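Form predicted on its own, single chain, as structure tokens, below.
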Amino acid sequence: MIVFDRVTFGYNAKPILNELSFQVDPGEKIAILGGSGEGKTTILKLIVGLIRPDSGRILIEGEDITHKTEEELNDVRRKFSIVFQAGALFDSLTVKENVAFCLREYTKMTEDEIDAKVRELLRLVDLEPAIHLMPAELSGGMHRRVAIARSLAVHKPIMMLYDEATAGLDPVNSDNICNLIVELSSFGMGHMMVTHKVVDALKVADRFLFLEGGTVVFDGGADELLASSHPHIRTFVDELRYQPKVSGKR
């Protein structure tokens, strides 16, 4: 479904990705790991055409999107929902208005239909009681869940893309977000989660890519990841020894 074919990309002449190649099949549950500045978020932006590679090709469902126009990319973007780390909610709008925003912009639904859809989505993320709150009144975990609800408002994507979905959250809220990601995948959507937290990656993914030096230095399952002798992967995996047991509830 997603193919990166020798993709190279840099910011202001600083190389980030170096002839990166990998393939993602429909329905896969993938975590992309790696240190800061290794290009994890860059991959998500390239998938939906927010930025373009300096060289190489990106194929989505067999179509080369590398040189598509902005208008042509709209069809590609409808295949995905992307949730960025900050959540990017509108500070001046309530939870309801944030989730309803795209419904008003891109559909012909009536206000009653919009209200019903918003409540349905907020129930999905266990936040209907917060429907009239402002973003400033939300905890970090609630903020992320509203962002996920909004990303699902207009269409059902074939894959969810999460950029550091649990960054900055306490263990209970991190666990809640991971549980939600897994729950959404039960509806037939694959997901790709960018993270530097191995403990959360193991909760949501079956396949793991580790980036270093602009390329993939590991691609495999959980058992292989935990047994890897790669020094930087070992540093990431060692965090598991210090993690408390968490049993958060959504």
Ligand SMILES: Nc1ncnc2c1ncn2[C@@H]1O[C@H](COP(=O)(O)OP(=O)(O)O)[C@@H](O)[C@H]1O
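In this text the structure is predicted, and so the values were computed from the model without any measurement. Quick note: we count residues from 1 along the sequence shown, nothing fancier.
Another form exists, predicted in complex with this ligand; not displayed. Remarks below refer to it.
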Proximity to this ligand in the predicted bound form, single hit among Thr66, Thr41, Ser185, Thr215 (heavy atom within 4.5 Å): Thr41
Interface membership of Arg241, this ligand in the predicted bound form, 4.5 Å heavy atom rule: no
Touches this ligand in the predicted bound form: Gly37 (any heavy atom, 4.5 Å): yes
Ile16 within 4.5 Å of this ligand in the predicted bound form, heavy atoms: yes
Options 202-210, 221-229, 22-30, 41-49; stretch whose heavy atom lies within 4.5 Å of this ligand in the predicted bound form: 41-49
